[in-house]
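One chain is shown next in structure tokens, namely the form predicted on its own.
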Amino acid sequence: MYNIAQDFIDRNVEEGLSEKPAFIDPARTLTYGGLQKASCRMANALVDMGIGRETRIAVLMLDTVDWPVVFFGAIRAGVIPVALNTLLVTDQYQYMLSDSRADVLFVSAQLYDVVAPVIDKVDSLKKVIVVGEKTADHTTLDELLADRSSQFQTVETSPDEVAFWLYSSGSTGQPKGTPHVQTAMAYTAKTYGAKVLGIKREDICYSAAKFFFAYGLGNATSFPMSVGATTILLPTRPTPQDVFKTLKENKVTLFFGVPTLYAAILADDTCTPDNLSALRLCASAGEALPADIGENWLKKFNVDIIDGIGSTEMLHIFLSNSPDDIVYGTSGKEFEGYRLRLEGDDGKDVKGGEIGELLVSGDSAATGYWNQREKSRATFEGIWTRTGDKYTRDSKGYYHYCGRTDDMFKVSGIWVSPFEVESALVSHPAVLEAAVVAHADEEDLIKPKAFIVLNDDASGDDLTKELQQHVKTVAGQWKYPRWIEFVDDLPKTATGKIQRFKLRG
């Protein structure tokens, strides 16, 4: 039998870390001993409410110390928490609450007004618990946990029993419910956490990616809790200034960001390298990190970013650069615990240097998609999981990202990687962000089209030809964007992934 709450919480208490901070938010500190007691109170509360084993509860909460209390308290009781994105709109919450058939919704007071219009429309929903200030007539989390016993006999769950759900980011359509088993979090900690990050008990971690994001869940819980480290939480949006304040004031040693945030920090003159000596390593995922961003970050802050790729389906990163082996512009190499292969359109493995779809095998894979049999069959094929990402692998074993399967296109019969063109564009000093899609010309021939967000001090006047020539020089003559449209921002998922499908047309 195995229950992740016992492994990540009780084991640390037994090893003498009861008084050590597990989570710190701007208002409160929660020790491992405090988390043990609070999660037991949470488990007792669920039992007292009649929430049975394997029942689902929805967790729509900001990143505060209350989040791990609810999440791990549910798992301790054999109840399945479903983590919901905090940045969505009302209709999307109605879809996910109805799809998951959650019995109880735990919602931060700041988010209540967004979800309130659909509470009475979800048939399965029996109770709403508000986290923070009391809202309407609903019970608060503090009221729910008050006077509950801090002792609880943790449910003896199976290693292969579903522990929690995440929802896919929806970068290509409607989010999909993605269940993960009890051992999945520990598996990512023993592979990426231990073998790539080299995480230690002394580390202080901060993840700009939030709990609801698979990447953020691992950064903020799986890795630090696996060794008894400490996690810093920021419930608000991670602006460059707030991120830097968090890193400096808390002496963060491990920082987990996404490419758009790293680019924004580099472009912000107030983000200076002073008082950043504690930071030993940065990580990036969500989208591929352009080489230019990684190299400029190292030059400015004297700290490397290890770029990798993961997915909601695999729970975290399964392909990555490592601290002693970084090649910017690549996603790194296969590491112990995961197997990778590149498959061509004919279903066979491609030869070295050829483009293929990346498939991954590892024990952190989800059990499938909830109530989406056809999509499950198309993604989960025995021990292999399709990523939907196109890659090449060079002679040294480094994987080079080409783009999503749906984003790749041919120009004059030659494959063009949108990411390669985007990387060339963002290496120009005037460009902050770029997205490239396929577009048909007057003769219905496919060519690249670019959407560009400029840096604050740049102007699009007379810049088109300069950028086109820049791409020709950096990426190749035929890859330059025939059309360039300057925009204020790019459409993205709430987790920061560019939604290129919204730019096609």
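Heads up: residue numbers just count along the shown sequence, starting at 1. None of the values given here were measured: they were computed from a predicted structure.
Not pictured, yet referred to below: the form predicted in complex with a small molecule.
- Of the residues given (Val131, Ala288, Val181, Ala424), Ala288 alone sits with a heavy atom within 4.5 Å of the small molecule in the predicted complex.
- Contact annotation: of the candidates Val104, Ile309, Ala74, Leu254, the single residue with a non-hydrogen atom within 4.5 angstroms of the small molecule in the predicted complex is Ile309.
- Thr221 falls outside the set of residues with a heavy atom inside 4.5 Å of the small molecule in the predicted complex.
- When the small molecule is considered in the predicted complex, Ser331 lines it closely, a heavy atom lying within 4.5 Å.
- Although the partner is absent from this view, Ser322 stays clear of the small molecule in the predicted complex, with no non-hydrogen atom inside 4.5 angstroms.
- The closest heavy atom approach of His316 to the small molecule in the predicted complex falls within 4.5 Å.
- Checking 86-94, 199-207, 399-407, 133-141 against the small molecule in the predicted complex, the stretch whose residues place heavy atoms within 4.5 Å of it is 399-407.
- Residues Ala214, Thr387 and Tyr391 are all found to lie within 4.5 Å of the small molecule in the predicted complex, as judged by heavy atom distances.
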